[in-house]
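A single chain comes next, written as structure tokens; it is the form predicted on its own.
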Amino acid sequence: MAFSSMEEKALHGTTTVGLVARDAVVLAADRRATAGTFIAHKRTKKIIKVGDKMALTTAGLVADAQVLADWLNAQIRYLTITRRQPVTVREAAHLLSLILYRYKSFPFYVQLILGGYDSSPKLFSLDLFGSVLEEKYAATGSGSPIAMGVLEEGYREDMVPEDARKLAVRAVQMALRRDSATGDGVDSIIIDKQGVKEFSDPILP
């Protein structure tokens, strides 16, 4: 299979976004899981918590994303115990990058956004080959071009967390209106120095 076909497969379905706000990271994702043109599930959790103050958004194959999240959780627990200090968001991103790169010949069909808070809020995007980029805002999935337009117009680095969450939710909701693989409402979270707060928003009329 050509690499371009692999990337296209990872892009198929869903919309997830992440952005860095003032003293927090915000992640948001829709809830629809598709199998081709079939809507397979309407309550899929596409934001997976890892560690105490980190989370992943997932676009691509659900099984691959779940395996990677479980592996990362295990690595975070192991390193935290053996080193007696927390794993940083940057370290977690590079752990994911290493395993994605190692299996690039038989890749995990995923696009990931990793957000979290250690000494400050941080956000990283990763593709199926292990490329890792630190971002102020990012979007993945088939609805990402629509979502990125909303983020680019509305994003400011000094946004308070709730305003940033509303922008992230609106970006996914706009994708929901035009991308058939995105739908069934929006889940979102705010991660700050206190921990993770979860939210759920309905479909806009």
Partner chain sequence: MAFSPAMMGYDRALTVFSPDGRLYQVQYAFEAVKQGWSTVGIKVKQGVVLAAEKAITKSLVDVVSIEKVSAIDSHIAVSFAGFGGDGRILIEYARQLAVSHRLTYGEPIPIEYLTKQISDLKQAYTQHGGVRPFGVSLLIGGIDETGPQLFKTDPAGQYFGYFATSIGRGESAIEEKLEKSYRQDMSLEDATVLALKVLKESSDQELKAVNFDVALVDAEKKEYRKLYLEEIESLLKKI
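Residue numbers count along the first chain shown, from 1. On a predicted model such as this, the values are computed, not experimentally measured, just so you know.
Omitted from view is the form predicted together with the partner chain, to which the following refers.
*Asks:* Contact between Phe129 and the partner chain in the predicted complex at 4.5 Å, heavy atoms?
*Replies:* No, no contact at 4.5 Å.
*Asks:* With the cut-off set at 4.5 Å between non-hydrogen atoms, does Trp71 touch the partner chain in the predicted complex?
*Replies:* Contact check for Trp71: yes, within 4.5 Å of the partner chain in the predicted complex.
*Asks:* With a 4.5 Å heavy atom cut-off, would you call Tyr78 a contact of the partner chain in the predicted complex?
*Replies:* Answer yes; at least one heavy atom of Tyr78 falls within 4.5 Å of the partner chain in the predicted complex.
*Asks:* Check whether Thr82 has any heavy atom within 4.5 Å of a heavy atom of the partner chain in the predicted complex, and answer yes or no.
*Replies:* Close contact exists here: in the predicted complex, Thr82 approaches the partner chain to within 4.5 Å, heavy atoms only.
*Asks:* Tell me the stretch among 136-144, 166-174, 153-161, 63-71 that has any heavy atom within 4.5 angstroms of the partner chain in the predicted complex.
*Replies:* Looking at the partner contacts, the answer comes out as 63-71.
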